[in-house]
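Structure 1 and structure 2, given next as structure tokens, are two forms of the same protein chain, each shown alone.
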Structure 1
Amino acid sequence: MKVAEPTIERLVQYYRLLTQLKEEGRRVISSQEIGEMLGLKASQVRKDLSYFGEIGKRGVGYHVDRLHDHVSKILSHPNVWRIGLVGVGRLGEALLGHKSLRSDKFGIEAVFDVDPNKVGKMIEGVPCFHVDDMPKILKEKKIEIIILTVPAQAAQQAVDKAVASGVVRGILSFATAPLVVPPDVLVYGVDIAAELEKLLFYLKSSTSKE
């Protein structure tokens, strides 16, 4: 099933909200309440959630636990994804220490760098290996996803080493360089500067209307 990217982005928002509500002990919630909390129309919420099968009841709403499990299954594989982080500079260290990357759905199993002061040590509780050892380590640990936070000029070489493992299926890249990968490897780029430029454009447009 092909799903539009905006729908996936909203599903991630639903999942985060439902996780919070579940932790707070909330048992039932309506599409209207979800919409108000996330700044969405209730009709959009109902459409998104019914797209993957009916889970709520008219006049009753959604059971938080059931809906949380439902959205969780939509978003990810039932197994825990193993992740490798390549490049332990400032951005890499910040991501490694961020609580959002500690989940029951995925976990960072290894980090890679070329700095001799980092290789062979534990960083945020995760072992650091040399980039040259990536093919072997990724295969041994069955790591299927890598997060790339290396400089642009080192990105393709790092990706080539990751792909050589034969197990990598997805790459989340913070590098600004275009990447060449086999057709069976999915690359998702995160360009912070581009997102900032878009924000500035919309801010400029809204200011010009005042």
Structure 2
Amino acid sequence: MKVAEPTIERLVQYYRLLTQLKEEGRRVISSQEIGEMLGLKASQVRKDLSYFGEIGKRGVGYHVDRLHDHVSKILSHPNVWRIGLVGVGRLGEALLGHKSLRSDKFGIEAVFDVDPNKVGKMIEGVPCFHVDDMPKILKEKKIEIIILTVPAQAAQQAVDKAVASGVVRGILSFATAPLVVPPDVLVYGVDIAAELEKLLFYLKSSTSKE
């Protein structure tokens, strides 16, 4: 069963919204309303939600609790993912403490750096190891996911050491560098500078219009 990437992204949004609605005690909601709150067309919402089976009630809408459970199950993982964070610069540390990355569905089990002032210490309650020890530590701790927050020049080298462990299956990279990985390793990149450039490009274009 293959699901489109934009759909997954929206499912995460639905999940957040539903969690909030649940807290507010809301019982039922329509695709129309969901769409308005998230800036989507109602038909888009319905298509996304019906993708995993009929879950709404025609003439009524979606039962908030039931839909929340449903989306939760779609996004749920069979196990708790164990994550390693590579590069404890300011961005890495910010992510370590970030609410979004505190969840019971995954946890950051180790961080890695090359700075001797950091290696061996606990950072935000997580032990810090040397990047060179990644193959060993990742295997020991059964870490399958890597969050990469190192400078661009160091990115490929760090990735090579990580995949050398043989246990890493996914990488979330914040480095603005193209990464080469074995075909069975999945890479997602968040390119902050590129996002800003895109924004600026379209702003420039729209300047002439208005």
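Everything numeric here is computed off the predicted structure, so don't read it as measured data. Superpose the two forms; the largest set of C-alphas matching within 1.5 Å is the rigid core. Every residue number counts along structure 1's sequence, beginning with 1.
The form predicted together with another copy of the chain is represented by structure 2; structure 1 is the other form. When two forms of a protein are overlaid on their rigid core, residues whose CA moves 2 Å or more are considered shifted, and Leu67 is one of them between structures 1 and 2. With a cut-off of 2 Å and the rigid core superposed, Ser43 has a Cα displacement that reaches or exceeds the cut-off between structures 1 and 2.
After superposition on the rigid core, the Cα atom of Thr19 is displaced by 2 Å or more between structures 1 and 2. Once the two forms are overlaid on the core, Leu200 shows a Cα shift of 2.8 Å between structures 1 and 2.
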